[in-house]
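Okay, here we've got a single chain as structure tokens, the form predicted on its own, with questions on binding and movement later.
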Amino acid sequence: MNPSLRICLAQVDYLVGDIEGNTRALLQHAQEALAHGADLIVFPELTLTAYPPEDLLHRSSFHDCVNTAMDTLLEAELDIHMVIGYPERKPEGIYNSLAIIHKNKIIANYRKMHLPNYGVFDEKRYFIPGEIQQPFTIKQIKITPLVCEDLWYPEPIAQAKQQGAELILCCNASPFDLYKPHLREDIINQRIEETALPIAYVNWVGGQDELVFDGGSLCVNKKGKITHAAAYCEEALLMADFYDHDFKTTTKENDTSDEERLYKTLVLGVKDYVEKNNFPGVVLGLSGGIDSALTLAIACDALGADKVKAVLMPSCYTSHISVHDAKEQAETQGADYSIIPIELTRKAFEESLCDEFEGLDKDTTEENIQARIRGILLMAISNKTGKMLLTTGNKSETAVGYATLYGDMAGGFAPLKDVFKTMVYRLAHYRNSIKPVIPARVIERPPSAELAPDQKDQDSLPDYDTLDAILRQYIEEDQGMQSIIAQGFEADEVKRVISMVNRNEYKRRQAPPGVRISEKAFGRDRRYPITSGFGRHHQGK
């Protein structure tokens, strides 16, 4: 029987670029692991810098800070093996590396071999690839660490097995998307089937701009069974004993619904964006509709109700029940709220423009003025208080341009930016299943922007079930018009939706960042030209 090796997987939330602070936190976590009898602590990819450091990697002073941090770790002389990710600058380029540190020595160094360059990943912009290295040994156990993408290819782990590795460590920076947890486990099981090598997988947790790392660190034995698992969206030091060539303990797997994982991810994304950027809180417009209601719930859960300010801004088109429901939710959640009617301001704007608009019929211009008045008021409150403005729009609206530039699109962060409207309803039901905070009428009423008499969203858009289904095909699956029609959707409806998506790229380019939950979020995942002739004649066949 091999000697028992106690491993700690450090599922941690560090701040990008805060190398000094990250080093202090790292040493503290190592001390905690040591106190629990750990022989080895494994941190996520690029531990010292956090992920992704982006163009900070182009700065010499940044690498000087990394070198200072490495010296600090060596000087600590801790009697625990530490697997630490760092950018390793060499004359030939920068490697995405792992250092294995014990006491005052780097006993091994591993360099990432496969550099992802798709979606939100731009690693070939910064790094050069490394090659497989010999395993290092602790307590007679031969261990090979891999870095994130290396596990997604069969060659690195196969080469590690050929070199005698008995255990694989995988250090990751794997951001959340709705179906990623299942995919990660499938990849891990595939590698185990190929090699019969157990795998310890550690991932970041926490928000970084639009990315949220959801954790989900785990250990999987030779039979493909999860033996240890950390919770999603929480920091954790996951302890696991490895002996006789395998992980033995079994654990209950993370059995969470899509809605629960997604809601926790949105809460974590808002919390870290606000707190890591040192905002004292947030402000948002609360309309009595479902999008702002869900955003308020997320904000209160993320920051505490005492840091959330809701503003109701009724016009002559705002129904009494919208005001009543908005007040009810703010009071239920304990958030501060104000009511600022905009009717006098709306009339003042229209009077100022009456000469310019003489002889022209009313249209969406007058509707957009109301949205922009609200945007001005909210930004004024944000400026005066320092609280960041949360926008409340969802992915369905953003996709087709059903939002007002410099109006309801104004703000610093958009929690629902990548959430389709149909999922907004599912999340509202989920949040109310924990404790009812969103009035039932808000969920049940037909959605309306309330910018014109008796207005309903479906006056301008297909029903959301149909709209979201078409948008998923066009945006997330990259399907063309004919392919979507062939799936049974009405041709004119598909053409109209695709046309709206294509002509509103300029709006999306000016939208605030928001939590990414899919592989095709608007932003770095989906990069389409604003000025383009593609689709004008064949609508993206």
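Just count from 1 along the sequence shown to find any residue number. Model, not experiment: these values are computed from the prediction.
Omitted from view is the form predicted in complex with a further copy of the same chain, to which the following refers.
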query: Within 4.5 Å of a further copy of the same chain in the predicted complex, all of Y317, F489 and R496 (non-hydrogen atom); finding: no
query: Option touching a further copy of the same chain, based on a heavy atom within 4.5 Å in the predicted complex, out of H81, K112, K309, K395; finding: K309
query: Selected contact from R184, K276, K327, K387, since only one has a non-hydrogen atom within 4.5 angstroms of a further copy of the same chain in the predicted complex; finding: K276
query: Answer range among 150-158, 231-239, 258-266, 403-411 for contact with a further copy of the same chain, defined in the predicted complex as heavy atoms within 4.5 Å; finding: 403-411
query: Contact label in the predicted complex: D55 to a further copy of the same chain, heavy atom within 4.5 Å; finding: yes
query: I381, heavy atom within 4.5 angstroms of a further copy of the same chain in the predicted complex; finding: yes
query: Residue contact check: A25 to a further copy of the same chain in the predicted complex, 4.5 Å heavy atom; finding: no
query: Contact of K362 with a further copy of the same chain in the predicted complex (heavy atom, 4.5 Å); finding: yes
query: Residues of 112-133 having any heavy atom within 4.5 Å of a further copy of the same chain in the predicted complex, listed in sequence order; finding: N117, Y118, G119, D122, K124, R125, Y126
